[in-house]
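We begin with a single chain expressed as structure tokens, specifically the form predicted on its own.
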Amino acid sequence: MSLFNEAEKVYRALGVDVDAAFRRVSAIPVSIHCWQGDDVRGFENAGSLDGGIAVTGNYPGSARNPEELRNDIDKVMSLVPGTKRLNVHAIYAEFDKTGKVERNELTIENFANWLEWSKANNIALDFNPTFFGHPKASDGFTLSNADDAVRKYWIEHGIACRKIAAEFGKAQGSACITNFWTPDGFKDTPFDREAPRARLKESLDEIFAVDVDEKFNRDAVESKLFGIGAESCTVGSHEFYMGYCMKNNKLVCLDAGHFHPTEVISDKISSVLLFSDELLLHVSRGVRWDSDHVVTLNDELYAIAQEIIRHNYDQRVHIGLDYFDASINRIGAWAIGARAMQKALLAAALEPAELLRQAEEKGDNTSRLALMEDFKSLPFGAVWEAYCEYCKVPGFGWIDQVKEYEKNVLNKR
């Protein structure tokens, strides 16, 4: 008898339907970010990376153009089980059809190749305006800028991006999730925190006043505790965006690296969803700060997945990945993080939930803790291998394909 069959018997004895777990997890979309493949450079060459974003390392093989990046994404997608989406930033616009245009002039034509790729691969797209890496963001302020002309530019960029996202949603038959994050903030202590936040609110109001069908586009806004160059005050704080979302029916984006190092987003999910229909997650791994390390199967990732699975948030939580590491093979980094997210979801779906629920409802906290500890040593590895086979992607030996791709493709760049 195979290891999987033995493992399935163990789970079945605990009341867990492994086949049902496979079906459930494989249907949960995970939006994989395009920017891991080229170190968040994009294709416009507008300026150096800024906004508190830093990519470390210089591993060979970074994508140098749209074709190489999409080829790398194809390879990553072939290594990751489950339903995938692709998250695109506005700096990945292409100009072969339009000539070079400013960010506030972008249209769907600048993303026609991404849309063609989406259709060919049957993978839906998500989107992000890019409020960093640009001369008009060099002072650290975009939508909260005190200069009306600069602020107008970024408002127009936000409007343009929502229109592009709606075109994505219309073409793919699935709403595009468009996430707004700005790096706006102060390096040192400001005298007036209210004025920039009032300007940010006014800018967002103006952007969202433009009618875009929610059937095709859903807006999210993302907070941050601090960034490099904005250590003392971030304009778009968690409290700011929580209030804005609840008042304006927008999605809160909880980024795992955007809070205090001892603060976790898994604990926030159920609270937000008691007051909001949906939310967006940016799953990352901060090490001491928002360092966007490659996602691994740690306690917090498992807790995030448990919250989604235990409370049936499959359709209400939009999962996006957000990390970038240039110190290791970028394809490997992409796949490690995306596979870790799938592992966490599967492990959570295999949890003997009924036994835990019964113990908790009886007030038997000793049994609850004992069961949680015992479940950690269940034969999950064999089930994961079978899940990869179920999804027609490689199991344990997947890294061999990455090494082969590195040898035949990346090393020749």
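The shown structure was predicted, so the numbers you read here are calculated from the model rather than taken from an experiment. The first residue of the shown sequence is 1; numbering continues from there.
The same protein also has a form predicted in complex with L-rhamnitol (RNT), omitted here; what follows describes it.
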query: Stretch in contact in the predicted bound form with L-rhamnitol (RNT), which is absent here, among 306-314, 287-295, 167-175, 140-148 (heavy atoms within 4.5 Å); finding: 287-295
query: 4.5 Å heavy atom contact, Y387 and L-rhamnitol (RNT) in the predicted bound form; finding: no
query: H282 within 4.5 Å of L-rhamnitol (RNT) in the predicted bound form, heavy atoms; finding: yes
query: In the predicted bound form, D322 touching L-rhamnitol (RNT) (heavy atom, 4.5 Å); finding: yes
query: 4.5 Å heavy atom contact, R330 to L-rhamnitol (RNT) in the predicted bound form; finding: no
query: Heavy atom within 4.5 Å of L-rhamnitol (RNT) in the predicted bound form - residue from V383, V40, A349, I32; finding: V40
query: Contact residue in the predicted bound form, from K84, H89, H134, K201 (heavy atom within 4.5 Å of L-rhamnitol (RNT)); finding: H89
query: Residues from 150-174 in contact with L-rhamnitol (RNT) (non-hydrogen atom within 4.5 Å) in the predicted bound form; finding: none
